[in-house]
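First, one chain by itself in structure tokens, the form predicted alone.
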């Protein structure tokens, strides 16, 4: 699988470290239900078939975090941008 880095161009997935689903947000540790919320955040994840936003770190390249939209059935990548910025837009 090749990932089109907005800075470095298309590179092998071996140059990247996979973090996972880009959707979950870290719970508030001071919330009354923090223990249950953190359990869900860490252990309960969906495993969808189809397009999914994922976080990948380009460890052997520009060392930037990327938000990659990838179809989990075919591994086809439809969009890539720098995580948290919206830049890149491939």
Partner chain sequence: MSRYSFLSLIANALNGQTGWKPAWRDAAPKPTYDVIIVGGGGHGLATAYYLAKEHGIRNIAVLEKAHVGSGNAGRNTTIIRSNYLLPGNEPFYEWSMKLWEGLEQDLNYNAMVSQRGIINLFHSDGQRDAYARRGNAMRLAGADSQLLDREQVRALAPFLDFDNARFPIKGGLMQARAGTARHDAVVWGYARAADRLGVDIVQNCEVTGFIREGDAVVGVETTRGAIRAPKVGLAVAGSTSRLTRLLDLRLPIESHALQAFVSEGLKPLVPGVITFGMGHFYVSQSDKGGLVFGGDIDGYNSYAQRGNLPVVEDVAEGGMAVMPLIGRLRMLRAWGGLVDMSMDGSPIIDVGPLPGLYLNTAWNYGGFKATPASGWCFAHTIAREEAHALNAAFRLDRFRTGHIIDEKGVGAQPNLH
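What you see is a predicted model; the values in this text were computed from it and never measured. Residue numbers count along the first chain shown, from 1.
The same protein also has a form predicted together with its partner chain, omitted here; what follows describes it.
Of the heavy atoms in residue 79, none are within 4.5 Å of its partner chain in the model of the complex. Using a 4.5 angstroms limit between non-hydrogen atoms, residue 31 is distant from its partner chain in the model of the complex. Heavy atoms of residue 67 never reach within 4.5 Å of its partner chain in the model of the complex, leaving it off the interface.
Taking its partner chain as positioned in the model of the complex, the residues of 44-69 that bring a heavy atom within 4.5 Å of it are, in sequence order, 44, 45, 46, 47, 48, 49, 52, 56.
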